[in-house]
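One chain is shown next in structure tokens, namely the form predicted on its own.
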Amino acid sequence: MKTVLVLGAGGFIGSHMVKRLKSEGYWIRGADLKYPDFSVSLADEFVVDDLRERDSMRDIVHRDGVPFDEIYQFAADMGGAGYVFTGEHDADIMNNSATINLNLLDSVHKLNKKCGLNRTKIFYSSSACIYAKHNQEDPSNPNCSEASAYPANPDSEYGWEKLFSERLYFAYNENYGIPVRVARFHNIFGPEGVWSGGKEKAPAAICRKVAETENGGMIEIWGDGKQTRSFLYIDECVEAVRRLMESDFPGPVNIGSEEMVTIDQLVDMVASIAGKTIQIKHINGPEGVRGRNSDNALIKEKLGWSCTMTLAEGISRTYSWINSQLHRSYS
């Protein structure tokens, strides 16, 4: 039986990955600061610990002294535009996330030397936020091909940390032979994602606002609503990551949808799914780049993967779940 460690297993993507790997017959250790918020973890063992502590990481990366077959690294300090783009959390975002990645790679390298092995394949979840701001000023024609990452000019410190960590993983691969896989996620959403509290992303925030608003009511949206994004449903993301891990391609590679919409169009889509007429009030607020869309040419070439679920179907599933959560919290 293959063994796997999922870091960030208490979070949105990590908890879904645990479910997928369990269905494939892996023995799983999950690790995070907390358990999943919305479901019971299916991990065979769950360690609640601070991955910023080096000693804790060194204890986690092996099972009775034996390295894991695979490690999935989703643990990070992150959130939506209200958390990432205000500048108020930059130091914590960069320090917390970089420390986790440094601890992980150092611990695996030292364990490999001690055991005389080098078998653990590590997946690192990077982000589309690494892409250059100047290539994303036209909302109708953003350039997010993998090769466009350099010259580097991310629009946030979160993006800079992700770009640094990409290079860190590839440096450990080059110098120490640790097999790595790196993907750049484009706005992953779905059930069991954070939908309130300030760290939620646009699909969850809009679903919550529409669910809370009466038919004919009004919701507030940051910016002019013409900024564009693409959003990928969680099951599609997990499938793409598994294909990358099973392949010989190290990345970095985009994992996202090419179905680009404006934020106003996303609001209209959610309202239609909810059967409501919703008015939009545009207000000042953090909104990030003007346009962003996943360029999937490379992942199609290397992995034969493309997104199969429409945004409307994914939003429908997500709205239904958030609406049920909202009514449960009110009852």
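These numbers were taken from a predicted model, which means no experiment stands behind them. Each residue number is its position in the shown sequence, starting from 1.
We do not show the form predicted in complex with nicotinamide-adenine-dinucleotide, though everything after this point is about it.
Residue contact check for Ala271: none of its heavy atoms lie within 4.5 Å of nicotinamide-adenine-dinucleotide in the model of the complex. Contact between Gly314 and nicotinamide-adenine-dinucleotide in the model of the complex is not found at the 4.5 Å heavy atom cutoff.
In the model of the complex, Ser126 approaches nicotinamide-adenine-dinucleotide with a heavy atom inside 4.5 Å. None of the heavy atoms of Tyr319 is located within 4.5 Å of nicotinamide-adenine-dinucleotide in the model of the complex. Comparing 261-269, 293-301, 44-52, 277-285 against nicotinamide-adenine-dinucleotide in the model of the complex, the single stretch with non-hydrogen atoms within 4.5 angstroms of it is 44-52. Proximity to nicotinamide-adenine-dinucleotide in the model of the complex, defined as a heavy atom within 4.5 Å, holds among Ile178, Cys144, Ile206, Ala76 only for Ala76. Residues of 260-293 placing a heavy atom within 4.5 Å of nicotinamide-adenine-dinucleotide in the model of the complex: none.
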